[in-house]
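Only one chain is included here, represented as structure tokens and corresponding to the form predicted alone.
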């Protein structure tokens, strides 16, 4: 990183970083016991929230020179935001982190391969649902044409890092293009009407995890919701925002706000903790845009996770039954720390007749998925996952429940790595609840 680049970065820090927010950090240390990277690093202060804030403040004050080591330290943060509920001063660490990452990203010169990958992913793929569908249909072909069996038989996946090879084995069975494009735009309630909701279907959720979306809509119908699925919605922008592509995240946010404003809905329902948290932060993302700030604020007021509305509409009081099993719950970091939703999933799980619910030690600690963290920081991610799986094994669980697709894949990856796939499964909470409804009907 040459001197000119460092000077631009420092100037951007001085112009863009929220000095008041940086000053709010009292260095009290309440964030340290809940920070996974601080604990995993062996208590390295630079790997803690207050340590990273000190680095940001040092750049703003001209006391520290921005360099690759500081950028690396910021990028190795999981962004789980567990520090925010623990902070007595209410420091919005996640917003500081995203701003700092964006400054580094906008001023650095990416290698040609990295530039091509970022452009393909952030510009060419996630903002375009039809391309996400095309990619998923190719995966469907791979899974069902015999190619997957042949690839595994000849050991082709051994050429890739272990975590990637294992991830290939735990990917869900994805739908066809025809199934993805058969989605309705309106679903009517089954019982007494209680609310009209708009459903945020997501990009990955409505392709690779379409069955989870289907189960979500069924549950909403059962509690008396009419559901509208705006056709012009797109990716929430979370991956962009977390990876230093803030301008692209803003573009996606504006499109989503416009799409949902066309719908006269009481609430906007999400079923992915990461997406829901980023949607919930649209008001901050667009706070300096005079044209969109008020629209963003009204949008975020309507965001609700599926577990929240199910509890509010008394789904947990319906007959729910499953065979005997031990169930534990892995919190979605962003659902818990940003949307403040953690009691509702537990209320729902404990309302099911049959299973024994066993709370996991450190259930709120990040599993290491963190968007694309398990891809770009694979070794660190696996260390977080190994710790998480130790906690899972102590519960003797046969079913791990999550509320986020990244967490779901990560826990499936953990099960596979531990050789427990014949004894344990991981499911999204809405799919387990649908199982409980169906089992109850069978008597």
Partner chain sequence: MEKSIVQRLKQIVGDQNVETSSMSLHSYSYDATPGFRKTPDAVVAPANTEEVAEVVKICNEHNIPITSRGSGTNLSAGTTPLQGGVVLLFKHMNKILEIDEQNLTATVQPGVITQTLIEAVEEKGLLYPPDPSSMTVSTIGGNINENSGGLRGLKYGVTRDYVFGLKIVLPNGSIMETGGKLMKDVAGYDLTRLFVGSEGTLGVVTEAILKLVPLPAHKKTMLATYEDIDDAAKTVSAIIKARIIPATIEFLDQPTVEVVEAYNQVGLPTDAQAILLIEQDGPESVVTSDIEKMAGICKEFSAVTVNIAKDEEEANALTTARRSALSTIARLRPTTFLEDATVPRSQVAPMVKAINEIAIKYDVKICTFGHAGDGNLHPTVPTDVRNKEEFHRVEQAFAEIFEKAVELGGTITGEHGVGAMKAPYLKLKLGEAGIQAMKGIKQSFDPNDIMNPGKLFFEADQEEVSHR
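On a predicted model such as this, the values are computed, not experimentally measured, just so you know. Positions refer to the first chain, counted from 1.
Just so it is clear, the following notes concern the form predicted together with its partner chain, a form of the same protein that is not shown.
Residue 73 within 4.5 Å of its partner chain in the predicted complex, heavy atoms
Taking the distances in the predicted complex, the answer for residue 73 is yes, it comes within 4.5 Å of its partner chain.
Given that its partner chain is not shown alongside this chain, does residue 387 nevertheless sit within 4.5 Å of it in the predicted complex, heavy atom to heavy atom?
Residue 387 lies outside the contact set for its partner chain.
In the predicted complex, does residue 10 have a heavy atom within 4.5 Å of its partner chain?
Residue 10: no, not in contact with its partner chain in the predicted complex.
Is there a non-hydrogen atom of residue 377 within 4.5 angstroms of a non-hydrogen atom of its partner chain in the predicted complex?
Result no; residue 377 lies far from its partner chain in the predicted complex.
Site check 266, 311 and 318: each within 4.5 Å of its partner chain in the predicted complex by heavy atom:
None of them does, since no heavy atom lies within 4.5 Å of the partner.
Choose from 80 to 88, 238 to 246, 222 to 230, 303 to 311 the stretch whose residues reach within 4.5 Å of its partner chain in the predicted complex, heavy atoms counted.
Flagged stretch: 80 to 88.
Within 35 to 61, the residues that have a heavy atom no more than 4.5 Å from its partner chain in the predicted complex:
Going through 35 to 61 in order - heavy atoms within 4.5 Å of its partner chain in the predicted complex - the hits are 42, 43, 44, 45, 46, 50, 51, 54, 55, 57, 58, 61.
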